[in-house]
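As structure tokens, one chain now follows by itself in the form predicted on its own.
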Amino acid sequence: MRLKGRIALITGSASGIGRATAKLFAEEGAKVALADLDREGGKSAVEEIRRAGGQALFRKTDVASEKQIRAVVAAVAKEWGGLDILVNNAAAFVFGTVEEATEADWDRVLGVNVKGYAFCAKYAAREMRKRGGGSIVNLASISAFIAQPAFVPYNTSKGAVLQLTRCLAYDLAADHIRVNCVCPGAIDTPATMRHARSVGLTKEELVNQLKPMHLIKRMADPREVAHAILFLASDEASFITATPLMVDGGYTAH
């Protein structure tokens, strides 16, 4: 078991990539804390992990709130004695052109995707330092590297996550805390399907649009991303920090 004895906090873990990562971490021996706004989804994920023999807890958390982030990290440390791994996965999916995006749109996307990641790292690092080190894995995106039509708020936030990752890695290296990010391509998640509906597409239509953009002609399953996160969180990646790992089926090779 690659994470035996480790304590992990995963945000946005009620569904999609976060949920798949929580389940995989538990399979690999970690105690897993799930943080999400979706109480029902989070609790069902915890029950699923426990039925499989894993250890998990759920705390309803809005990662746009520094107060709530501080509280969930404190709760995990109190319950299990510390924190070794943080996966910053919660995300606000806000799209549009620069003329369409409102002040509320910008506040939401930056509040969750940038400030939320930074505050999670702030409080997680304090606990990791007590245990001699740790690993932070941020969820960036291919959208940190490419331009996409009418994606201005989202892509801007994911570009910021890429630079946040590098800067955190620089500042936290002396504390033996590694910081990396995973950059997924098109993943078959509820969030992707919600976006399809918002632009008037069926799932089949969206898949048919996205498949040709990847060298591997399909969308990914969330567990495929979870395995990349597991690698970066584990000791197998002990000499890797400040690095973006593309999990994009070759999308960015075009």
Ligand SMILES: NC(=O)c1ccc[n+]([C@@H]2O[C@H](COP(=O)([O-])OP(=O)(O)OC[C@H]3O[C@@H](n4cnc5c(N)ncnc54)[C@H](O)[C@@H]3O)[C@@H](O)[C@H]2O)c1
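Just count from 1 along the sequence shown to find any residue number. What you see is a predicted model; the values in this text were computed from it and never measured.
The same protein also exists as the form predicted together with the named molecule; that form is not shown, yet it is the one meant from here on.
- The named molecule is not drawn, but in the model of the complex it has a heavy atom within 4.5 Å of L37.
- Among heavy atoms of G185, some come within 4.5 Å of the named molecule in the model of the complex.
- In the model of the complex, the named molecule sits within 4.5 Å of a heavy atom of V63.
- Within 4.5 Å of some heavy atom of the named molecule in the model of the complex lies at least one heavy atom of S15.
- Of the candidate stretches 96-104, 83-91, 121-129, 163-171, only 83-91 has residues whose heavy atoms lie within 4.5 Å of the named molecule in the model of the complex.
- Checking V112, V152, A77, I177 against the named molecule in the model of the complex, a heavy atom within 4.5 Å turns up for just one residue: V112.
- This chain lacks the partner; the member of R194, R51, K217, K67 within 4.5 angstroms of the named molecule in the model of the complex by a non-hydrogen atom is R194.
- Contact residues in stretch 109-143 (any heavy atom within 4.5 Å of the named molecule, taken in the model of the complex) are V112, Y117, L139, A140, S141.
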